[in-house]
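First, one chain by itself in structure tokens, the form predicted alone.
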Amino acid sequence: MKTLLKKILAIFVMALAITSCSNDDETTSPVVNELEGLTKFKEITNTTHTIELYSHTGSTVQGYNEIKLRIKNNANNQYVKNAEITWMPIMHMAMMNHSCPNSEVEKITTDGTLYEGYIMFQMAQNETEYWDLKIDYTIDDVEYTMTSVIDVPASAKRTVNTFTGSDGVKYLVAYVDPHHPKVAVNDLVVGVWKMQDMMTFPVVDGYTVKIDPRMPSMGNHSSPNNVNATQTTAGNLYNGKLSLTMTGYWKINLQLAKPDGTIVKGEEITEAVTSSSIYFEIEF
């Protein structure tokens, strides 16, 4: 009888412990590090706020840049969660100024402090020409603005193509992903925009970015199982598959095709044509 009571008591205690653990799991929210994998590369400050800019690389570069930011209240060092933000990158040149493709700035999570967007700098800075970034934001119906120079060095490899198509439209095609290519069939992401005017660069919808990766140092051989980049949703980037069969230098030859199949720029690779006039470069 005592043995039976001991068993019943042990089962009761175990059940109580399990229930307690279950309740703890349900009521305790995991701590989320919003900045995991990000490095701050810039701070912009006025008397009221400090804007912190982050990227995965801790820098910006000529080409596509995914940028995250947050706004700190200088009075209490708390980060703002209810801002409405827009930005405008400007390239200052000797004879003119212009912008570049860029996205809206959106809140990542409801309860978080980070906002995100992308900027595709089609040109690098030089000794006399430079980029700055104007950020306008509204908090509790009060409007603020800050502007600061942004460092945009040249990319080591070709990641941006700016050209006038056969239709007379000026296009910009940029390499987005993979950041870390590997010997495999990689997920490929490409951006396609057009220049509407010097300050406006909308996404081009419904086109196809045809790809033909080649290794010039290895007889210009290609690879199997590549998939041309297309959009899944209007206004978004283009997605495809990039097959890389070995490490080394690859030239990703491109052709930009309209929805009806018309090629507006780029050439098909043949024995006589070993490289397209538009392409990306990667080496790993």
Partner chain sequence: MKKLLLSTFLMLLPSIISAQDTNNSIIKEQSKKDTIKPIQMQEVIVIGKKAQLSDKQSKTLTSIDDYLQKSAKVDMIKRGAYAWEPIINSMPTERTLVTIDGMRIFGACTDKMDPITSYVEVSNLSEATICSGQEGACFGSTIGGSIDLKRNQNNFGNKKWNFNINSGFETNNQQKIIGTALNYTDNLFYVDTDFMLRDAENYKAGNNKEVLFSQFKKMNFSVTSGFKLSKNKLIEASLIYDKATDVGYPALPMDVSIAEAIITSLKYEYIPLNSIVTNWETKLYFNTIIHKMDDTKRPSVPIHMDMPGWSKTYGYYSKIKAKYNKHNLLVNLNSFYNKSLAEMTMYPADPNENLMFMLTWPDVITFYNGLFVEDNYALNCHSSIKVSASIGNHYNKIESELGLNSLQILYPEMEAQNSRFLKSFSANYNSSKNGLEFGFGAAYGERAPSITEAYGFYLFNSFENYDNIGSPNLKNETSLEGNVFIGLKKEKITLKMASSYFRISNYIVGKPDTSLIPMTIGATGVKIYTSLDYASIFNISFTSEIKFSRELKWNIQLVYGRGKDFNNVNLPFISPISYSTSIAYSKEKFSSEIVIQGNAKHTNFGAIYGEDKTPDYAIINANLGYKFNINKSKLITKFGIENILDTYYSTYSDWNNFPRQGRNFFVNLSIIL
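Numbering follows the first chain given and starts at 1. If you're wondering where the values come from, they're calculated on a predicted model, not measured in any experiment.
Unshown form predicted in complex with the partner chain; subsequent notes refer to it.
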*Residue among 232, 247, 46, 33 with a heavy atom within 4.5 Å of the partner chain in the predicted complex*: 247
*Only one of 184, 93, 114, 90 comes within 4.5 Å of the partner chain in the predicted complex by heavy atoms, so just point that one out.*
184
*Partner proximity in the predicted complex: residue 58 to the partner chain, non-hydrogen atom cutoff 4.5 Å*: no
*Mark residue 39 yes when one of its heavy atoms lies within 4.5 Å of a heavy atom of the partner chain in the predicted complex, and no otherwise.*
no
*Wondering, does residue 210 line up within 4.5 Å of the partner chain in the predicted complex on heavy atoms?*
no
*Using heavy atoms and a 4.5 Å limit, would one call residue 257 a contact residue for the partner chain in the predicted complex?*
no
*Options 49-57, 220-228, 233-241, 63-71; stretch whose heavy atom lies within 4.5 Å of the partner chain in the predicted complex*: 220-228
_Residues from 260-284 in contact with the partner chain (non-hydrogen atom within 4.5 Å) in the predicted complex_ = 283, 284
